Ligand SMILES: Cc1cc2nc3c(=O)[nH]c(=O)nc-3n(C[C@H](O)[C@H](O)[C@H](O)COP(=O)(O)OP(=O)(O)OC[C@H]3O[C@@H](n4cnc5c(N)ncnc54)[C@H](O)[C@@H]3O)c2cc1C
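In the form predicted on its own, a lone chain appears below as structure tokens.
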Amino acid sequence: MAATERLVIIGGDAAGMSAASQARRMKGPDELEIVAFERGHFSSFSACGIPYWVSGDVGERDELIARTPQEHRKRAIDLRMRTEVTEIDVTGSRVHTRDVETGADSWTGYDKLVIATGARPIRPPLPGIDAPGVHGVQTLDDGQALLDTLARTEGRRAVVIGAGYIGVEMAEALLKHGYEVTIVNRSEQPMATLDPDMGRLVHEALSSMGITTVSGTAVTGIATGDDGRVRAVTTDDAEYPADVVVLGIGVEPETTLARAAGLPLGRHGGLLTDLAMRVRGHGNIWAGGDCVEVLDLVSGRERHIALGTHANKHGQIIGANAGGGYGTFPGVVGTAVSKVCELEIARTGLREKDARAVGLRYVTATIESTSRAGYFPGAAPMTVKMLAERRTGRLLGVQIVGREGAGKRVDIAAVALTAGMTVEQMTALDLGYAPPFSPVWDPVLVAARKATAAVRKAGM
């Protein structure tokens, strides 16, 4: 009888536990022992849902937990919570761990290893960044700490540093708690994942909601009061009073262990893998989730995208491969969607600066339309911007800013990008139509028609 193999997993969230669950489906405990280490208090939780829990849209913290440690253990997955991996010994095929509560340490050998260490919030080394009242929002513990601060803080002034997805979502959450909200943002406009002209629409909408957005300004420090708590966010030329500060600057791959172990990293600091999510050059090590870089199918370059959708897919593929099956992850087109109050923000593919960076010549088309037939009650405005390759007409990217019904239309473009469609081909897409759902020409198709005309004009 063959000896039982051991699969060790570092990280107990989306990628790690999806891999564990899929590997367990492939092989039983007599064939494959699965040991997973998680340094936090929770497993398999939705980090993307934290802003909505903080805002009150999601009532209870536990609603964000997909599967508890106890549920994983019932499926013969040895999930060890509050246990931090401190070293990966690639040569010896083992990991060193430390019990967070007791400090006890030990080595655990592996036949196969999965690295799913996620991402860490960017926390610049600014004066006062660690003062009470300054919060990052990455884990359920972070969310609870922020809620506790909001409950005991008498003042009602909040500053959000950064205007990306987390920044604008947390601005809404703070607004719902009755705070006067200011966003301080280093980029030219909010949502740097959009082109500046589309980001300007977000800026205008935030202003209409009562959120002050200061763009093109770098934070220089966090000022504190006599009690040591935060009292303001400072820039080169201004000071913004704050009783609470939330960091929404973004995240970066958590690859400290991987770097120390000599594993290959990309230009964004994420682990590099092959199509099977195996770490390049290492036949028995896989990696997935927010700690890896993935292939952008439009630009042909690796990029870092921290999203739960990708993490779960990575985990499924890793688990299948580690369990003796087969699966691949071909890449992404960079689709993301968010909202702040009634405003929906979506993008997929390349921005103008992304296209320029890889040497693509392009045309753009921007249109204004509505989510439903204009005469139908509840029709809401939206703006759609489309990029197409100048000579071929290949779709390169789409950005959408609008009200209800705008955001998920980006999925049409995501499918078209994945299929390598031209904007002219898109104009013939057989999309569903009825006045409660769309104008007779869907806004995405209107943009495709305008982009097609721009491609033809550029070729003359």
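Remember, predicted model here, so these are calculated numbers, not experimental data. Quick note: we count residues from 1 along the sequence shown, nothing fancier.
One more form of this protein should be noted, the form predicted in complex with this ligand, which is absent from this view; the next part is about it.
Novice: Given a 4.5 Å cut-off on heavy atoms, tell me which of 273-281, 306-314, 122-130, 376-384 is the interface stretch with this ligand in the predicted complex.
Specialist: It is 306-314 that comes within 4.5 Å of the partner.
Novice: If you check in the predicted complex, is Tyr110 within 4.5 Å of this ligand, heavy atoms only?
Specialist: Contact with this ligand, no.
Novice: Find out whether any non-hydrogen atom of Phe37 is located within 4.5 angstroms of this ligand in the predicted complex, and reply yes or no.
Specialist: Yes, Phe37 lies within 4.5 Å of this ligand in the predicted complex.
Novice: Decide whether Ser93 counts as a contact residue for this ligand in the predicted complex under a heavy atom distance cut-off of 4.5 Å.
Specialist: Taking the distances in the predicted complex, the answer for Ser93 is no, it never comes within 4.5 Å of this ligand.
Novice: Decide whether Ile166 counts as a contact residue for this ligand in the predicted complex under a heavy atom distance cut-off of 4.5 Å.
Specialist: Yes.
Novice: Is this ligand close enough to Asp13, Ala47 and Gly118 in the predicted complex that each of the three has a heavy atom within 4.5 Å of it?
Specialist: All three within 4.5 Å in the predicted complex.
Novice: Quick check on this chain: which one of Ser371, Thr83, Thr348, Asn321 has a heavy atom within 4.5 Å of this ligand in the predicted complex?
Specialist: Exactly one listed residue reaches within 4.5 Å, namely Thr83.
Novice: Of these, Gln138, Thr182, Thr364, Gln189, which has a heavy atom no more than 4.5 Å from this ligand in the predicted complex?
Specialist: That would be Gln138.
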